[in-house]
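Just one chain follows, in the form predicted alone, and it is written as structure tokens.
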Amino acid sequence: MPIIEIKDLNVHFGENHALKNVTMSLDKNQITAIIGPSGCGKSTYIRCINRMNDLIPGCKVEGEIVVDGSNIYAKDVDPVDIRKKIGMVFQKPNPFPKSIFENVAYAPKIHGLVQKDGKSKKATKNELEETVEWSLRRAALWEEVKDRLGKSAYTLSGGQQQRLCIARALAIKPEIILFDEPCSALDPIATAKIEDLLIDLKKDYTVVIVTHNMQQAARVSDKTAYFYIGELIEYGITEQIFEKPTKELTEKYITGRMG
């Protein structure tokens, strides 16, 4: 069942036509991998889904992105509300210069806690503590940090920092989580932990991941989209994309004949 429907998406940065007529649907509670060579528009694409490109001067977005039946680019939509609903984890871990606890508690403190009716309310101290513990447990980090929540987030390893950033994204109860190369700065052990976490998260969230690592896409994703020079070349079930691609460009990229 689609939770995101993208229709004729075009993105321009000044004279650069970064994305060209992208149309695709993303299913609820699935992991969608976005692959393709550097500069093909992968990050631009996922940054459209939570309107992060709005922050870039000279960026123009055309087309529609419909989430839960509503066009997030409609004139009356507040991008901040969209980013509460659609969390994002970036390429390099970027914890705040605060304690482990404050990193996770920051957004619920500022925006309030999301209730069942979708509205937010100011969090009490106990509710913040419960939210922090829940988020850290969900990010598979609680057992490693529960005795040092007051310590700086910078005392954590790179892999732990990335899981902290995932916990921070989870704390505001999004429906969709975007990951932009979340393992590119991590060692194989930390990468394996993040991949296990992604598979676990799809039970409750819709996940979109940009990755240069095709083995990672094959391991974790349900569907895969291949982009090349701003165009969506092929999109389908991951097994089919990797074993029997229908487009020559996809096959060349998958087999390593084109970087």
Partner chain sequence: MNRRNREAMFFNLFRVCALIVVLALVVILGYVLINGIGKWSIDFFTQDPRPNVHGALVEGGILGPLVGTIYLMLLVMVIAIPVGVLGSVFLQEYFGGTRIGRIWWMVVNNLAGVPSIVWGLLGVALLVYYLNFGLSLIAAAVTLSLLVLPLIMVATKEAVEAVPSSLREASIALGATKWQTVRHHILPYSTSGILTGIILSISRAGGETAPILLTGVAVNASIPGALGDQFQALPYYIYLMTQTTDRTQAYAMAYGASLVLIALIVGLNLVAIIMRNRYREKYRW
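Keep in mind that what you see is a predicted model, and the values were worked out from it rather than measured. Numbering follows the first chain given and starts at 1.
Not pictured, yet referred to below: the form predicted together with its partner chain.
Looking at 185 to 193, 128 to 136, 68 to 76, 95 to 103, which lies within 4.5 angstroms of its partner chain in the model of the complex, counting heavy atoms? Answer to the contact question: 95 to 103.
Non-hydrogen atom contact residue 141 with its partner chain in the model of the complex at 4.5 angstroms: Output for residue 141 is no: heavy atoms all beyond 4.5 Å of its partner chain.
Within a 4.5 Å heavy atom cut-off, is residue 156 in contact with its partner chain in the model of the complex? Outside the cut-off, so no.
Quick check on residue 151: any heavy atom within 4.5 Å of its partner chain in the model of the complex? Result no; residue 151 lies far from its partner chain in the model of the complex.
Distance check, residue 111 to its partner chain in the model of the complex, heavy atom within 4.5 Å: Because a heavy atom of residue 111 falls inside 4.5 Å of its partner chain in the model of the complex, the answer is yes.
Among the candidates 123, 176, 107, 145, the residue which, in the model of the complex, approaches its partner chain to within 4.5 Å (heavy atoms): Exactly one residue meets the criterion: 107.
Is it true that 55, 90 and 168 each have at least one non-hydrogen atom within 4.5 Å of its partner chain in the model of the complex? The answer is yes: all three residues contact the partner (heavy atom, 4.5 Å cut-off).
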